[in-house]
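The chain that follows stands alone, in the form predicted alone, written as structure tokens.
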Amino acid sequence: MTEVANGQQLYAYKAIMKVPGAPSFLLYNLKISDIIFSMKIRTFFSVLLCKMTKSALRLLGRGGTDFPGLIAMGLYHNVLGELSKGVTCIIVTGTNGKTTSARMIEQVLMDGGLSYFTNKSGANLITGITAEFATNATLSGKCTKDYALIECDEAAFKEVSTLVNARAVIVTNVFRDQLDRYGEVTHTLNNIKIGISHSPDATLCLNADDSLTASIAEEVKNPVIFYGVDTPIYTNRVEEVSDAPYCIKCKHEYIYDYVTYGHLGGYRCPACGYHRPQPDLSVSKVVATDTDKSVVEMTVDGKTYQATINLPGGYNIYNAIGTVAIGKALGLDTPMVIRSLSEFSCGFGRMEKFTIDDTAIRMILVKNPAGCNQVLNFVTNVTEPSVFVVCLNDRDADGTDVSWIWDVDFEQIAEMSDLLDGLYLSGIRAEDMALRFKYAGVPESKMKVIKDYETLMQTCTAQDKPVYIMPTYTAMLDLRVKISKLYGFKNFWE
């Protein structure tokens, strides 16, 4: 139908061109009408087929998070640009913490009574983002919500930003991640910089404690809000290899006044003077932490607030203060934003908690050395005997290079052998994980490889002790499908 309609207009255009003295304005207006007509028709069919494809996949019990967007883009590659017009867009990007930060910001939007949608399923490439926009649009391409909260893969950001005019962008951090896909940290940082260069109207919320992320501010004209943590988070930290030990300006080694985790903290270069900028808002004190939450003091606009963060883990303290920064960028009420931190529900697989047959199970995504070490900071501080499960896959979405497991301080697991009631290993590369734990010093008698996820979950739910499951991305998706099927929990895309 589109080809027929466009063909008819092209025929009319050629006919007018043959008329001697045809008015130039008529020819110009016909060209414009051709473009508008084509865009509207293609938008209509892109949205329609996207909605139909997504509905069909849901009926089949499939997630349908990326494929419908691929269909839409196949009909009209730039349909995202049409669908995002007139929408206040918030983009969350960076290596670690995107999904949890997005869930925290979503709670803020909900509590603020704002009309919004978000790619809750975690489909953060341009296809998944396009599918969410199409799902929340009329067939004419008009978005039905005022706000779009977009979790965006840092490599995809440079393309998404050419089509989506963001009002606010938060960059959580930059760490080494999936070397086969992202390369070194400078490559990831450059992708983010390109995305920001396409976002001239965005207020940037940057992590002041990350020397890589903070450096972006010197190269842009955007308004910048720095956020950070002014104090160490952990009493005892796991040993980590820094992803950014040298000054991004002059390559001299940094000096740290304190370290929160990884290469984050109070850095300064003794050679050129580059240093952590003073945050506009920050966590000034960690009051208490346990296996369910953290209580901190935040300083915002010279005022001190006590905040309860409804998730444990030091990295979630960063996600929380970053959320407050986004609230400030959007002009929202700070006390309301801080209250929301105690109410939000975690994203699937990110500290997600299940109780199955009286067994407490917590699933925590791991995907790179920095993130995995922070999970270990959490699980190695448990005070009761526990069962640990690690699921390692090497599919494209996980990163095909799994050598990163040798940069993780799994020795910490071996050192808590009196609390380690069992260690189960699963996933495509379970044997590699078993070898890593063997070299870490975990007794082989405490380890068992279970490849089948149904058998694995049956083993986990038979435990009378807490179970901590640490899967890579595709293993997490497979496990969530199995948990939903076996025990009646919501699917990960719901």
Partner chain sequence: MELKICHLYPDILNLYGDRGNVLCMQKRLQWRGMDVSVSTASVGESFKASDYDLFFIGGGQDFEQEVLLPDLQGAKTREIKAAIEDGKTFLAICGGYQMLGQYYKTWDGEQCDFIGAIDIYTEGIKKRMIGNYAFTFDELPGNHVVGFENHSGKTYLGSGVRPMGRVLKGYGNNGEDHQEGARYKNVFATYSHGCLLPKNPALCDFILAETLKRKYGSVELSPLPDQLENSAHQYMEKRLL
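Residue numbers count along the first chain shown, from 1. Note that the structure is a prediction, hence the values are computed from the model and not measured.
Heads up, the form predicted together with the partner chain isn't pictured, but that's what we're talking about next.
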* Asked: Is S403 a contact residue for the partner chain in the predicted complex, using a 4.5 Å heavy atom cut-off?
  -> yes
* Asked: Does any heavy atom of D111 come within 4.5 Å of a heavy atom of the partner chain in the predicted complex?
  -> no
* Asked: Would E411 count as touching the partner chain in the predicted complex under a 4.5 Å heavy atom rule?
  -> yes
* Indicate whether K40 is a 4.5 Å heavy atom neighbour of the partner chain in the predicted complex. => no
* Asked: Taking the partner chain in the predicted complex as the reference, which of E159, D407, E297, E415 has a non-hydrogen atom within 4.5 Å?
  -> D407
* Contact assignment for the partner chain in the predicted complex, among K142, K251, H77, K353, heavy atom within 4.5 Å -> K251
* Specify the contacting stretch among 65-73, 50-58, 422-430, 463-471, defined as having any heavy atom within 4.5 Å of the partner chain in the predicted complex. => 422-430
* Asked: Quick one: in the predicted complex, does every one of P245, A434 and E444 get a heavy atom within 4.5 Å of the partner chain?
  -> yes
* Within 184-201, which residues have a heavy atom closer than or equal to 4.5 Å from the partner chain in the predicted complex? -> E184, V185, T186
